[in-house]
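Single chain ahead, by itself, as structure tokens, in the form predicted on its own.
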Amino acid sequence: MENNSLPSSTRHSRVKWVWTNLKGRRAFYCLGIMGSITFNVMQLTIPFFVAKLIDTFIDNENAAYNLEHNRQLFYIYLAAMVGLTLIRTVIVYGTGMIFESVSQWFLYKIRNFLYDKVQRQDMNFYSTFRTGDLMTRMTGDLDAVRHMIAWVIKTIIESVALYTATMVYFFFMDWLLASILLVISPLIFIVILQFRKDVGPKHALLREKLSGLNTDAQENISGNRVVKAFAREKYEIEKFDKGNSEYSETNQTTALTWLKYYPAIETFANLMPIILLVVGGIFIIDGRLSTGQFAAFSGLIWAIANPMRSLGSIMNEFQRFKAASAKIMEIYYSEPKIKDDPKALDLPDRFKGRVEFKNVSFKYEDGKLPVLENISFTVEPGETLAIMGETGCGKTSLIHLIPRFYEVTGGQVLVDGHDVRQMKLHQLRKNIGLATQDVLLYSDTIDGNIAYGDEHLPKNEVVKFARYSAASDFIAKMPEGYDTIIGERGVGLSGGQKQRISLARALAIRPSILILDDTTSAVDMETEKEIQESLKHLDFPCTKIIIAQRISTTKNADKIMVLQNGHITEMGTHEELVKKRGYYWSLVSLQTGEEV
């Protein structure tokens, strides 16, 4: 899916993006590049000295004399070959370490940056990108970029340096023979360009198949209880098998694409030794080329052929990098629509808790009809507002406008008299405690989950807030009490227990505004009554906005608001609304079983 609010990654050069993010390691990386160039230029040294040895001490009319009277030169050549080989070994080891360390540093840096970027996105971002797709971008795609830095760029530089240095040396020895050998190169380049055109779209498709496979796995593992409840294991296995088969087929097709072009490249590369043997032999017979020079040509012909052969692998990996980096850069350059205004107000750390909606209208970006229309109400500090209404009437959307999870499309949401759009998001949200019906708990201790919003919260405070949410009794019965590790998403706890821990977590930050979205729907009536009593006697001032369907939860609120089809249809106290004999009155009658 595409998010129109995100800048297209194609607007940014991929190589430039990599270079920009190498800041801090560029000099080190350039040292590695220079090392690679030096190492590959030094590949010429052995054939050079071999040619010298042959022409001086073997294939020379004065060979015996030279060996007897210039033996020191013979040993110098041998020592130079050994010494330069050792130097090359050190250089290749050092450059390998440089490329690997820089690529791992880059991976660490970008992964942290992307995680930070994802954390700061708005709700529209999360409705656009699938979890499995984001996981793929943070893992496999990033590794493809790291591989580009550690291997692909290094291989390109080595191939270019080796090919160029060898051709220069060949032209220095015999320009005609070098020119004849060089004729093969354009043919290989033509094949490689066609391969690039063919394999590029396949890498993009392969990446999408992997993303889909990861998404299926993530959704299945997260929803394992639903799968088991409906006995859909076989269906999920078949679904995953289908996705896995498609990924495998695409992967094979992508990999086998190279085999279509490999024979042509290998044929052209293998023509070089044959051409050298035929033409070089003629040149030796004609006296144009010495035996030592022919040996140098023979010893370095691989330095022309191998870079040509490696072009296919390089192009294959580059296309993989191209597909992966496009996905990473899409997140890298994304910006949330909901963010701090440059002129955002710097407000006191703790708010008074006054909430006001002024003619608020709202609809989702992908929605045609408004969710809320012309909503106006006020909740004074310390008051409790209960919101009721049918499913889909806009209750949850309304409360999400207060912490600015979404932006209003009309009107204003005010907290302490300030438009939330003019407030710093961190200041606004740290003053709001939110507990929802759909509870997310982390794989941590109960203590860690309750103190999630304040990691320095003392143990006695954790216990106090657990008491407020009527969670302390069942926590005391847990194997290790507050130090009990609860499973992923709270597995092992009942729905009511999870809701009570979620409520304790919301209370633990001592919010100025407490928002509860059907938080006690899974607890029994007795526990709910206990929670309601606790919320009346909190040891800190707090404005409460509660979405509920139970009359027992709403009847003691200072104000009760009824939403229907995005409009406020009723507003007042329990007694006032009962007298109106409207929607609220019908709920009271339905839940109490008697007409009031």
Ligand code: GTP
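Numbers follow the displayed sequence, beginning with 1. This is a predicted model, so every value here is computed, not measured.
The same protein also has a form predicted in complex with guanosine-5'-triphosphate, omitted here; what follows describes it.
- Put simply, D286 is far from guanosine-5'-triphosphate in the predicted complex: not one heavy atom of it is within 4.5 Å.
- Although the partner is absent here, T391 is a contact residue: one of its heavy atoms lies within 4.5 angstroms of guanosine-5'-triphosphate in the predicted complex.
- Using a 4.5 angstroms threshold between heavy atoms, P342 stays clear of guanosine-5'-triphosphate in the predicted complex.
- guanosine-5'-triphosphate is not drawn, but in the predicted complex it has no heavy atom within 4.5 Å of T215.
- Stretch-level contact check against guanosine-5'-triphosphate in the predicted complex with heavy atoms at 4.5 Å: of 267-275, 392-400, 199-207, 153-161, the positive one is 392-400.
- The candidate spot formed by G367, V371 and Q437 lies fully in contact with guanosine-5'-triphosphate in the predicted complex, as each residue has a heavy atom within 4.5 Å of it.
- A heavy atom within 4.5 Å of guanosine-5'-triphosphate in the predicted complex is found for one listed residue only; from F377, Y247, Y468, Y406, this is Y406.
- The listed set Q549, T38, T569, N556 contains one residue whose heavy atoms approach guanosine-5'-triphosphate in the predicted complex to within 4.5 Å, identified as Q549.
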